[in-house]
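Single chain ahead, written as structure tokens, the form predicted alone.
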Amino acid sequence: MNCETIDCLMKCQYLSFADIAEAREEKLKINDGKDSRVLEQCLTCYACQEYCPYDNNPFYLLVERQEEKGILPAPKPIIEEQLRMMAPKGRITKQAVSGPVVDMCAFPMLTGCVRGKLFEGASTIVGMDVFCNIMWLHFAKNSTIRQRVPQMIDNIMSFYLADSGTNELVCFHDECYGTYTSVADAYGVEVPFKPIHQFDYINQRLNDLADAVKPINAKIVYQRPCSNRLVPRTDQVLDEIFEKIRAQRVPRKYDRENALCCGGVPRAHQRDELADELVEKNIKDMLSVGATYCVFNCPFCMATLGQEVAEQGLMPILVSDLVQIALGE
């Protein structure tokens, strides 16, 4: 109420306001549950979460208001079909695991990334019954998050961690870590295990494996995902990882706090012109700095931009795979 800068809206890269007074007016409308053009026009990029200097969760409130008013970012049939497809399946069975336990969320195709010296001795868990469900922030479905996340947490504990001898869960994606830290805290959901971000895990393993590192000595660009906005501290940890493997994260316009959406979310919302614009801006920006690798942590970002950057001569690669190259694997 007393914010002087209204950073959550004034820093938005997709909405424009005449001045702070207009931004304040729209923000107060959202706070009071009134109609605001922001609810209609929001790209759902999460960035206002990071922009708020008071950690007031402006994006979570915005999504809450969208759902209350039935303002859906994507056509209703698409959302309903996604809700059915991404629902828990109830097919989970107990599995013996031992630390480090790596949560691959809903991406079984990426379990092969957990390999080699970097993940020595690791177990993986994966499937729709441990899906973090944070994606519903893109579709104005906070109620689904409130309903399903406690069930996912219970599944993780009951079927994996309770008998494992470890209380730690390494989150391979920003999505899961953001769910079990930022979202859980904001929504009052208890998390009985200790979430560990993949970057924190890798950073520590690189300390242990320092003698095995063979410097990359290459320029890289990083496509920072929307969900990293919920846990911005980890972006500095990523810098430490790049420094240890001698990968130069080249400064560019659309990185760090100024990162742009990959284009996948507006594509899912059927806003194709905006999606095309974001893809073009990102790739043009990447090509301008002469990098060798385009590094991803979000599999959705990589699916959206991977082929596009490869066709332009950049090698698309996940953070963990780049580190494994530096480890000679």
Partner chain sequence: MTTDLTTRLGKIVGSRFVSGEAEERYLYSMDPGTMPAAAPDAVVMPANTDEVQLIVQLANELKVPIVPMGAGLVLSGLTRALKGGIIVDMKRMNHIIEVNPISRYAVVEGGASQGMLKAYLKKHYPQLKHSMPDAPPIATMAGNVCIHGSGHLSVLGGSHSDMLTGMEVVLPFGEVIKTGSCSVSGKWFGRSPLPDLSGLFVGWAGTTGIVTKLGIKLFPNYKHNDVLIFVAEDADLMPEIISQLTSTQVAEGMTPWMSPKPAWAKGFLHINIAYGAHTKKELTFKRNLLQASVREHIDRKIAGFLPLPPPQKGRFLQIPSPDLARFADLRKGGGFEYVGAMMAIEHFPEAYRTGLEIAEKFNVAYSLGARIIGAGHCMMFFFAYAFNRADAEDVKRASDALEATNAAALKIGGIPWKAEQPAQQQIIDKMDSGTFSLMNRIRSVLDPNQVMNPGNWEI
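Positions refer to the first chain, counted from 1. Fair warning: this is a prediction, and the values are worked out from it, not measured in the lab.
Beyond what is shown, the protein has a form predicted in complex with the partner chain; the following relates to that form.
Within 4.5 Å of the partner chain in the predicted complex, a heavy atom is found for not a single one of H197, E240 and E243.
Q270 is the sole member of S288, N31, Q270, Q41 with a non-hydrogen atom within 4.5 Å of the partner chain in the predicted complex. Only one of V189, L72, A162, V213 lies close to the partner chain in the predicted complex, with a heavy atom inside 4.5 Å, and it is L72.
Shown alone, this chain has one stretch from 112 to 120, 217 to 225, 79 to 87, 250 to 258 that lies within 4.5 Å of the partner chain in the predicted complex by heavy atoms: 79 to 87. The closest heavy atom approach of E311 to the partner chain in the predicted complex falls within 4.5 Å. Interface membership of Y60, defined by any non-hydrogen atom within 4.5 Å of the partner chain in the predicted complex, is ruled out. When the partner chain is considered in the predicted complex, D276 lines it closely, a heavy atom lying within 4.5 Å.
At the 4.5 Å threshold, heavy atoms of F300 reach the partner chain in the predicted complex.
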